[in-house]
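Encoded as structure tokens, the following chain is the form predicted on its own, with no partner shown.
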């Protein structure tokens, strides 16, 4: 579904806000289903989305387990002798935390497939300073490059005969730390080249900056934005 990126940003804001407000499991489960439907509606590919979501399963389980173990109160659910490991309130809070994180992941997938050019135009259309928008988009673009450079450094060391599985854990951390220096040096060189290119194009010379590509909200976009805001307001009224 081709939608203005500002509508997607609005849905992202509403979903994450609702995830922070809602605390009851049925409401969080319904919010998860709504965020998943919106992500698929706005163009997230199911295969790619579920493949990326699998990377967070370990984190979700760890958060839920910590909530279960360290929250005391309510009816005991799991006991070993006289020791109570899990209480009902801890299990509820653990499930709520896991659902909350899943909602945030699905909400972030709303922007999947959106081009950086449209996002920049959308953020600029919201009245944000173009310097702030440029810094945000540059940071989002540098993170995957930084990760790719670190992976290349690890592969280069492995091609030189370094067997990471045979290295003890303590020394392995030191090895990874030694790889950070060339990766950071490469990132600094790229940022220097980017700064020179920006200066050559007169970036920051004027308070306002013109753009050839501009977005315009269509009637369908306004209708969808109003429906999202109305659904959010209605959900808050019913919840409280």
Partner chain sequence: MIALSHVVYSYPKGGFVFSCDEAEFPAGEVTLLTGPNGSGKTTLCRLLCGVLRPDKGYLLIDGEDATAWPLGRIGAHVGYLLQEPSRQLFRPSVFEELTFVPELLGRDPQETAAKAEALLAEFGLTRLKDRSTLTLSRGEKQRLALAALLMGGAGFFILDEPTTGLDTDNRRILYDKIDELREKGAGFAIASHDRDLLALSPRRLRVTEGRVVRED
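Only a predicted model underlies this, so the values are computations on that prediction, with no experimental measurement involved. Numbering follows the first chain given and starts at 1.
Just so you know, the form predicted in complex with the partner chain exists too; it's not on screen, but the next bit is about it.
Per the 4.5 Å heavy atom criterion, the partner chain in the predicted complex is contacted by stretch 156-164, the sole one of 125-133, 156-164, 98-106, 111-119. Each of 149, 175 and 186 comes within 4.5 Å of the partner chain in the predicted complex, counting any heavy atom. Checking 53, 179, 65, 37 against the partner chain in the predicted complex, a heavy atom within 4.5 Å turns up for just one residue: 179.
Of the residues 201, 171, 214, 207, just one reaches the partner chain in the predicted complex with a heavy atom at 4.5 Å or closer; this is 171.
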